[in-house]
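What follows is a single chain, given as structure tokens, in the form predicted on its own.
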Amino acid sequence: MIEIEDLRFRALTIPRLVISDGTTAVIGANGSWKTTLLRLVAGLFRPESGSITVDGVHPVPGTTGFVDEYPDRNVLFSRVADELAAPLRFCHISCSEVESRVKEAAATIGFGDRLHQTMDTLSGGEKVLIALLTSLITCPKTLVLDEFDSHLDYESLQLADSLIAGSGARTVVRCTQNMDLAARCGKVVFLHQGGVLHDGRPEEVFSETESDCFYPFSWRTRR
């Protein structure tokens, strides 16, 4: 569970917000400070004032799985194998176990025979899938995804969702511009100009957005 109290960071101000276990979508227009909120949750930024805790402790970089919106910003190493192995190596896991877990992870997305491929030869969608696998390989309890779905086609998104569902992560926070995807989450947080405009179950939040673009297309067509 994520708890935010009296949070201030630059233009982002959140008096109180609780994100329970499960999957929460963060939505809002460009410039609403969605990415900043996600980086705070992942421990990549620290609040200027107030507090944010994840399962009762302040977030620390590396303990939360994080995927950046831009594929190349996730890349640290030149080879696929080294990219996937990095979080395990940072945890001082034995070389044999690292090799075994990297091979197992790569096989889940059909990369079992592509571990020696260089990252710069991959498509944007492939880089995102590798980044997702890298974020999941240490089995984090909290996963933060910043619009990673915008680089995936339908089949790749289905694969990514199956990886997330089977990861064991208790709390998933995913920023998205796909309102139909957001509508399938347990909770929606709608940011506007650095504050929380709405938060609650999808039916509660989207009941306030019927007149604008922040409304699931599938909900319009079923009327």
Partner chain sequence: MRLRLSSVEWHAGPWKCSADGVFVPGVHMVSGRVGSGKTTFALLSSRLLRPDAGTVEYEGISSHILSFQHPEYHITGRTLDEEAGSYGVDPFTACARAGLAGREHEDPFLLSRGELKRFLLSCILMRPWDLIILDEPFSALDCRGKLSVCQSIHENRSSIVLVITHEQHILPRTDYLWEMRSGTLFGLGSLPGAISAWESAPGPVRMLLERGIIPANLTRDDLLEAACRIRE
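Positions refer to the first chain, counted from 1. Since we're looking at a predicted model, the values are computed, not measured.
The discussion below concerns the form predicted in complex with its partner chain, not included here.
Contact check for G28: a non-hydrogen atom falls within 4.5 Å of its partner chain in the predicted bound form. The closest non-hydrogen atom of Y215 lies within 4.5 Å of its partner chain in the predicted bound form. By the criterion of a heavy atom within 4.5 Å, G124 is counted among the residues contacting its partner chain in the predicted bound form. Within this chain, D82 is remote from the site of its partner chain in the predicted bound form, having no heavy atom within 4.5 Å. Residues placing heavy atoms within 4.5 Å of its partner chain in the predicted bound form fall in a single listed stretch, namely 144-152, out of 74-82, 144-152, 93-101, 131-139.
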